[in-house]
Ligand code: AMP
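Form predicted on its own, single chain, as structure tokens, below.
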């Protein structure tokens, strides 16, 4: 029996731990530091830590952890895997700091794709605001992509050259690096349906989760308003069949992993490809080096079993026989956010209705920005608070109905904000 540590406190980490705990090979799932939802999970236990590398290493040693899974991108980009490996802990699932450049450095990923002739948006790599302005003037490109980690919010899509020029200066102030530099890709705008492909890499190949997902990044219905960390997701996506998912894994993701390996950078961990189907061809929008949030939530609802076992095989470099299998049907996740998200929002608001909805079949409430107050009540602790996730074997229409039926029974003072159209593109 294995003891698993999940590092992170969001909805993604709650969903991963919930699914991994279902394996008969797992005795306990620890969360550092978790949230109010993980606190109440079967086999779950929250451990408060500072999040420092030393504290996490001490936790792994003191609790005799058999497998560590790193959820968020920041500790991966900061080299947590490297540090734990240096302390003798090798059962750590996630890419090293160099491998994490695939997400943390858009110049790095752009150059790899260009060398491999993987279709992507035409882009200009700029190392100052002046270079960015010059690129916009010369090309008319209207997408601004910050280099570095931006919590999923560093891409600004504009409609005209004039709007792009107006916004890029504000963007440069927001996304300067620690040395005060502004590095950015100015890219062409692509039009089409987007979908996500997630896979697990053992350093040699990528085994896909054979189900496509679609995130909803914009705050408002019909993809309006500012970018957020994600307001909901569903799966599968009608335009992206299992065959297309396998194609992305075999012809795009695996070549990238193998190219990195040939350059001396081994990649073991989750890998995500954000794709867009234009009227001309399939193209890559971005790579991420972890599972998406909130895409993880409906994906975990669709998995029957085998996640823990497949991760274990990946760490051993033996992914030729993955063990994950999926349910039929579809899943829909609606994110409940505090009013004012993604800017200013209140914390500490009492959440009502959770006991009532816990009895609804085929629904799981994954917690993100929650905590327990001094009276052991569940209150808000972040912008994105809950991911109401429903499953139906009858498809996305029924899963969507069930998710929104549940959403209407959960509340806080002032009301949650949520999109009303998660999954509607599939219908």
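What you see is a predicted model, and the numbers here were worked out from it, not measured in a lab. Residue numbers count along the first chain shown, from 1.
Beyond the structure shown, there is the form predicted in complex with the ligand, which is absent from this document and is the topic of what follows.
Chemist: The ligand is absent from this chain, but in the model of the complex, do 197, 210 and 251 each have a non-hydrogen atom within 4.5 Å of it?
Modeler: Result no, not one residue of the spot touches the ligand.
Chemist: Which pick from 260, 315, 157, 349 sits with a heavy atom within 4.5 Å of the ligand in the model of the complex?
Modeler: That would be 157.
Chemist: Of these, 219, 324, 190, 167, which has a heavy atom no more than 4.5 Å from the ligand in the model of the complex?
Modeler: Of 219, 324, 190, 167, the residue with a heavy atom within 4.5 Å of the ligand in the model of the complex is 190.
Chemist: Taking the ligand as it sits in the model of the complex, is residue 285 near enough to touch it, meaning that at least one heavy atom pair lies within 4.5 angstroms?
Modeler: Result yes; residue 285 sits at the interface with the ligand in the model of the complex.
Chemist: Any of the heavy atoms of residue 268 lying within 4.5 Å of the ligand in the model of the complex?
Modeler: Result no; residue 268 lies far from the ligand in the model of the complex.
Chemist: Find out whether any non-hydrogen atom of residue 125 is located within 4.5 angstroms of the ligand in the model of the complex, and reply yes or no.
Modeler: Residue 125: no, not in contact with the ligand in the model of the complex.
Chemist: Looking in the model of the complex, any heavy atom of residue 143 within 4.5 Å of the ligand?
Modeler: Looking in the model of the complex, residue contacts with the ligand include residue 143, since a heavy atom lies within 4.5 Å.
Chemist: Please name which of the stretches 285 to 293, 159 to 167, 129 to 137, 92 to 100 has residues with heavy atoms lying within 4.5 Å of the ligand in the model of the complex.
Modeler: Among the candidates, contact is made by 285 to 293.
Chemist: Listed by sequence position, which residues of 104 to 123 have a non-hydrogen atom within 4.5 angstroms of the ligand in the model of the complex?
Modeler: Counting only heavy atoms within 4.5 Å of the ligand in the model of the complex, the contacting residues of 104 to 123 are 106, 121.
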